[in-house]
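Only one chain is included here, represented as structure tokens and corresponding to the form predicted on its own.
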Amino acid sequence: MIAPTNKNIVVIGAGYGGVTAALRLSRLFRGHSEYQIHLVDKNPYHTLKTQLHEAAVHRREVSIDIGRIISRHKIMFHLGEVTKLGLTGKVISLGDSTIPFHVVVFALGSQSNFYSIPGLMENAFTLQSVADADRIYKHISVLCARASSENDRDRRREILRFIVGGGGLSGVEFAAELADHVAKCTQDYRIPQEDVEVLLIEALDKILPSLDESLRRQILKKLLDKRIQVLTNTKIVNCSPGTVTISPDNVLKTRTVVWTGGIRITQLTQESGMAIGSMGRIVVDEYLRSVDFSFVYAIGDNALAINPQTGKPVPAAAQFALQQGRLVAENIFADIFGERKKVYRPKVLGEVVSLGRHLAVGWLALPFIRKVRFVGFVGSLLKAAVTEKHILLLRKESRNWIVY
């Protein structure tokens, strides 16, 4: 039990938005000892979720210890999973312990949405965490080694048939990395390349629907060049051990289904009494506050934030979570001390799609230029720069310039 004498500001979730909000809050409130910043997460590290597709194939390090990030800040970290939200009493529960709060920020991220597809949750891999990426990496490594000694070609092709469900950013990036990695495996183990199949399955009529048509065409061409089969207007309708059924009624034998086809928000928010919108996201006002509780803010995947220019929901993407984390911290400070809060206006800084090592396609907004497009190796440098920028901003916010 945390003593209620301090005015606790609690951030739930140490993802892109949550850790940014906690660091900015700590800086803003450093001269106000009556306020204590708390950060809660079920893991002792911050995950670079936009890089999970690389970790799943190349075992890249994609986590940063929370202790390193907050070491120079007055932030109390709680390792645990929130089990109950008591908004009326302004308290959250972590198992047997509780934390009373003055203000709370929801930044819990998201979970895979299996859309009640039979067998999918039980038999498919997901790509939402470091543990997920590690499981996929080990699984692929075992399959490549096993295929090298399989003399029956049908069984070998079954072993080397990889199905990726979902043609959004995560699915496309993972499929591209996977195709490169499996091609290297077949070369190392002297397996015929034509025995490998990577299928990217999307229920809509196109992959990456948020991108403009010219970029989408370039990406599709690069995927086809990597021998990835892209099936649009196709749904996974059933998944069982060893098989997957795609619409209309095509059964494929496979050992690997990776599901990236949708997200949903934790059930906790739906049981909280707050207004909830699509995918379980919290309905927020122009300041990113819950429309029901003025002391509740939501950011990232948790917030159903509306772009005032388009009238449409802001996508669940890292660049928006980072912007929201900074804004919410400033609005909490402004609200407490009677200053003017800032209206949330999302800025689209660019979009980059990684298509394997040394290859990416995307665009970046630069001063005085509407869009600059990047393709190929230059695009991959841009993708790396985006990741490094986030780490640089973490160092700046945390005032810890040691390499993470």
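Numbering starts at 1 and runs along the sequence shown. Because the structure is predicted, anything quoted here is derived from the model rather than measured.
Just so you know, the form predicted together with a small molecule exists too; it's not on screen, but the next bit is about it.
Interface residue remark: Leu108 is counted as part of the site for the small molecule in the predicted bound form, having a heavy atom within 4.5 Å.
By the criterion of a heavy atom within 4.5 Å, Ala14 is counted among the residues contacting the small molecule in the predicted bound form. Contact check for His38: no non-hydrogen atom falls within 4.5 Å of the small molecule in the predicted bound form. Ser26 falls outside the set of residues with a heavy atom inside 4.5 Å of the small molecule in the predicted bound form. With the small molecule omitted here, the record of contacts in the predicted bound form names 296 to 304 of 296 to 304, 196 to 204, 150 to 158, 96 to 104, defined by a heavy atom within 4.5 Å. Checked against the small molecule in the predicted bound form, the residues Glu81, Asp292, Asp285, Asp180 give one hit for a heavy atom within 4.5 Å, which is Glu81. Exactly one listed residue, out of Ala316, Ala334, Leu252, Cys185, brings a non-hydrogen atom to within 4.5 Å of the small molecule in the predicted bound form: Ala316.
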